[in-house]
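Quick heads-up: the structure tokens below are two forms of one chain, split into structure 1 and structure 2.
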Structure 1
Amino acid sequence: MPFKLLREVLKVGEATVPYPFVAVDLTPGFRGRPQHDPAQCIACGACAVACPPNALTMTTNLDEGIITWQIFYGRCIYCGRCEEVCPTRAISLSHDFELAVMNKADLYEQADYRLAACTRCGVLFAPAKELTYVLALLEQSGVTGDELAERGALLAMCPTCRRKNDIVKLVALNQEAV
């Protein structure tokens, strides 16, 4: 028996990987640190809604007119739900795993985005970038000219004003019909 064991051990030889002197071999789909590309983010909050441990959060500051996206790597479980639900691929799980810190504050990443004000009532209601992106999508889906302008104007209104606008239009249509 000891002979068998010795043979096995000798056959295997050096089993240890040379990390940290050589980069460790990771599989292509390894889920490491979620990497946020703030320029590509529209602050829609889909990731924060999906995030099971609440590592991703969104907070609005109406006084300053900004919405803040935040990730706390100390709470992240690296499930990749944020990557899965992100409509603009602003966040994806990287191969980065060397995340240890001495200072807890370094586990946070934040990004501030401007909130757009409703063109009717002036209330802050949605990230400006999100509205611009929706317009770009409308263009991509073939909406042009007057229709694009009209839908753009609607988009710039808060949901309440949009509803009011709809009612006014509906009443007008009804009156026409009568």
Structure 2
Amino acid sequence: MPFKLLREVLKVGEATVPYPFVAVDLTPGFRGRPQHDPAQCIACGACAVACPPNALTMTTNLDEGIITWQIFYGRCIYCGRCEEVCPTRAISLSHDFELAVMNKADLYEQADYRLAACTRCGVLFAPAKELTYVLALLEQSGVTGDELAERGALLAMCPTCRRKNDIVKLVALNQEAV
């Protein structure tokens, strides 16, 4: 009986790969380390909101006028939510899965983005790349001319100044109606 089992095992052959001496064949849907492209990123924060283990964070430094995108690979569960929600495809899952490091600091990756200042009050309020992206989307959707310029001017204002602008317009409309 034991010889039958041994004969069957020898007939089947090896079931494992002699990793790490031989490269591992990865399946097409393999989810490895998230790769971030700072040139594509608009710092919208969608990835940080969607990240279940909070491996992705966004921190704002108003003194320096920057917003910092950061990922800690030691916390990442490679779920792919960040890739799914990124509107500009700045995050993609690679086939890299070997993340052993000697120093914990090597598991962090970060990128800084400039914040835009309000054209009325000067308060820093949003990533400049995000505002440029929204304006490009408006133009791509067919908004042109004066309407595009008006919406661009509104985009360049902080939420507080936008509300004040809306109130001024409402008051003016009410005075015209009377």
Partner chain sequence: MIELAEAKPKVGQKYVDAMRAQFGGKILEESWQAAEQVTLMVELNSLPDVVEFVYYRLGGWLSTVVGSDERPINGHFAIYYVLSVEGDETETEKAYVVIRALIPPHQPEFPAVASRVPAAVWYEREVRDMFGIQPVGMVDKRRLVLPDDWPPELHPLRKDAMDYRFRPTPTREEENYEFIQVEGEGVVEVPLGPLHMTSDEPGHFRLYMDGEHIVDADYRLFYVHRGMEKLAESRMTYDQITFLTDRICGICGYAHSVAYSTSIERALGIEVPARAQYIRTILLEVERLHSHLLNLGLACHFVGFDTGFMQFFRVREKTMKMAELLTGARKTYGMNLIGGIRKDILKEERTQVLQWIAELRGEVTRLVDILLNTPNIVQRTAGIGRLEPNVARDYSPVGPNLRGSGFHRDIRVIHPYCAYDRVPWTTISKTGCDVLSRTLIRAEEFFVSLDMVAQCLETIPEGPILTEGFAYKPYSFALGYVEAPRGEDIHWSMLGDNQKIYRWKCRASSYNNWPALRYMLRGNTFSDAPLIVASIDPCYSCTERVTVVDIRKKSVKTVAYKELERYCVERKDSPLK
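One-based numbering along structure 1's sequence throughout. By rigid core we mean the largest C-alpha set that fits within 1.5 Å across both forms. Fair warning: this is a prediction, and the values are worked out from it, not measured in the lab.
Working note: structure 2 is the copy from the form predicted on its own; the remaining copy is not. Comparing the forms between structure 1 and structure 2 on their rigid core, the Cα displacement of residue 159 stays under 2 Å.
Superposition on the rigid core between structure 1 and structure 2 places the CA atom of residue 22 2 Å or more away from its counterpart.
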